[in-house]
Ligand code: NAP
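Taking the form predicted alone, here's one chain by itself in structure tokens.
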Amino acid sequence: MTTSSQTKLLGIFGNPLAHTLSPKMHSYFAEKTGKDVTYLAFEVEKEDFKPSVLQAKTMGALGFNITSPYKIDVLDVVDVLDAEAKRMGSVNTIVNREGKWCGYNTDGDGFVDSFERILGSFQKKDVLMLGAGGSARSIAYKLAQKGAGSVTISSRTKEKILPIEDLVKEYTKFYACEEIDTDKQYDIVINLTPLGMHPHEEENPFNKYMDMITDKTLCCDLIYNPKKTRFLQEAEAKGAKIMNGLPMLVMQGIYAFELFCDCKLPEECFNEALALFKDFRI
């Protein structure tokens, strides 16, 4: 990619970022649309995060994706919050609009839209989510808002569950637990924890609960390195349909790029961006 005096800066803030595929994905979007932007990764420590974001605005940066662990911290430096991001209390995309950082969250729509493309409808289905971090808020909210039958979250961090409950219960049934009830059946099971991520591929966060998985269960893991976690491998062996984190990564990235550049990406970008990572290695 060539740059010019008019090239605008895009990027991603997070820690760690050695695994991120976002620069390659957004570079493809820029090439597809002819936008004069460049996309870089900025791995910063917690104490440097807020000053870095503020400095980037004064430099005229166009926008950034925000990933773990800063999706909630970034609220302190956003000037204007999109209504849904405000409700979720979590931001993964900031856009510089006339010198103000405007915050959005594309995670929830990215997940539900990619889920429907890969696994089908989640309407009226009972969902079990393991983990209550930043992505859990937006995903649980969107699943509930768009028709899930119930949402159950298993987490030992009760203070993270409470804001999710407030988001979800307006739209559907909500349950919280520390230990998963193995007597209950769920249609959809989602791992939102880092357990099973490279270099700890042998870990399965659902190890004690795999008997719950059947050939009718739809199983998701937000991890995409490895592409098929131990959880997804064992679920697939039971006949379950599976989805890793790549489709969500691509779909939320599409929505973020459209916000950055005020454009609409062609429909084929979803499949073409997925194909970019067919043989990726980290």
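Residue indices: 1-based, along the sequence shown. Given the structure is predicted, the values throughout are model-derived calculations rather than measurements.
Below, we refer to the form predicted in complex with this ligand, which is not included among the displayed structures.
- When this ligand is considered in the predicted bound form, only one residue from 87, 160, 125, 146 comes within 4.5 Å through any heavy atom, namely 160.
- When you look in the predicted bound form, the only residue of 53, 223, 254, 219 with a non-hydrogen atom within 4.5 Å of this ligand is 223.
- Although the partner is absent here, residue 93 lies well away from this ligand in the predicted bound form, with no heavy atom inside 4.5 Å.
- When this ligand is considered in the predicted bound form, residue 63 lies well away from it, no heavy atom lying within 4.5 Å.
- Proximity of residue 156 to this ligand in the predicted bound form: non-hydrogen atoms within 4.5 Å are present.
- Contact between residue 129 and this ligand in the predicted bound form is not found at the 4.5 Å heavy atom cutoff.
- The stretch in contact with this ligand in the predicted bound form, judged by heavy atoms within 4.5 Å, is 193 to 201, chosen from 207 to 215, 193 to 201, 173 to 181, 73 to 81.
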